[in-house]
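In structure tokens, one chain follows: the form predicted alone.
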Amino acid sequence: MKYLLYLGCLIPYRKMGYEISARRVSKTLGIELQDMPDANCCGLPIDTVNHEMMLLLAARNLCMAEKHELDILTLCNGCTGVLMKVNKMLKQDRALREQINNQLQKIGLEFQGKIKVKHFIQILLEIGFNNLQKFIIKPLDFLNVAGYIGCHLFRPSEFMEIENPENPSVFDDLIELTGARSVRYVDEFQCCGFVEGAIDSNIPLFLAREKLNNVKNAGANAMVTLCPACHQVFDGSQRQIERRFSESYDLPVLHYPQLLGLAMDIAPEELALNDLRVKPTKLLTSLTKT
């Protein structure tokens, strides 16, 4: 299994632990990741301002992957949503494809529709739970985990490939693969507020506070995310929320490859757990006792 790794914008600058842990887990699973050369922004941030530019930015990334004849592996939900959507739109809409290719030819590119875009967890699902189970060496059966799948990975459903988009269970299954118990909680599919933060920085704080309270009330002692933007809200802003509302959560928020890597008995330092803002000290102490 070989893929072009598309990191997007946020991961290399603010969420390197996600990349490091994904690379480490992929190595053990036999997934070969090749850095995507000369990649640009997926286009998501400017979609509402200039839709055609979003299409062109996404299409250029797709063309770069086609030149290497490799499917794209993504880690960011937003990047996944845009690249997967544009890839399918251009394959299905001949007029749109011709319009975009007329622009792309100015830089010597042409979209041909030869590759696919897959999120990291979609590739795990293709490997299959039975095969993944063989890599679980140290089950995390002491851990109650609240998963947050985010928005863009299963919406809009006509472009994404997540089963049961109104109430997806795939993330619960992946959490429980590690031996941990997946905890359901109130409003778990509601937006984290990251995008709205560009309009009002208070919005993600209030939304995250509500989510953190719901998670704690449900009995979780850790959260896990699939998206760097969602992780920034719950991990990066958690201490700020505690100070602002005089509350205490001390809830570690892991990237999913970090959770999976621990269950695979990969050393915490190889999974960049120190990169987390809220340190998983209690979690690691419990892990050493198993």
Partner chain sequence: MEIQKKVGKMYHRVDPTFKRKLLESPGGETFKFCYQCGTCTATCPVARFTDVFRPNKVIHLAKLGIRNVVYSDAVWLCVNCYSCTERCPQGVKVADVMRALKNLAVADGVIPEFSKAFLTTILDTGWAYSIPASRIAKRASMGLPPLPKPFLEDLKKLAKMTEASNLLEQERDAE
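Residue numbers count along the first chain shown, from 1. Keep in mind the model is a prediction, meaning the values are calculated, not measured.
Beyond what is shown, the protein has a form predicted in complex with the partner chain; the following relates to that form.
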item	value
Exercise: Asn213 in contact with the partner chain in the predicted bound form, heavy atom 4.5 Å	no
Distance check, Gln190 to the partner chain in the predicted bound form, heavy atom within 4.5 Å	yes
Heavy atom of Lys118 within 4.5 Å of the partner chain in the predicted bound form	no
The partner chain contact at Ile20 in the predicted bound form, heavy atom, 4.5 Å	yes
Leu7, Met16 and Phe194 each touching the partner chain in the predicted bound form (heavy atom, 4.5 Å)	yes
Listed residue that, although the partner chain is not shown, lies within 4.5 Å of it in the predicted bound form (heavy atoms), from Leu251, Leu70, Ile31, Leu56	Leu56
Listed residue that, although the partner chain is not shown, lies within 4.5 Å of it in the predicted bound form (heavy atoms), from Leu140, Leu174, Ala220, Leu207	Leu207
Per-stretch contact check against the partner chain in the predicted bound form, the hit in 236-244, 220-228, 48-56, 254-262 (non-hydrogen atom, 4.5 angstroms)	48-56
Sequence-ordered residues of 21-39 touching the partner chain in the predicted bound form, heavy atom within 4.5 Å	Arg23, Asp35, Met36, Pro37, Asp38, Ala39
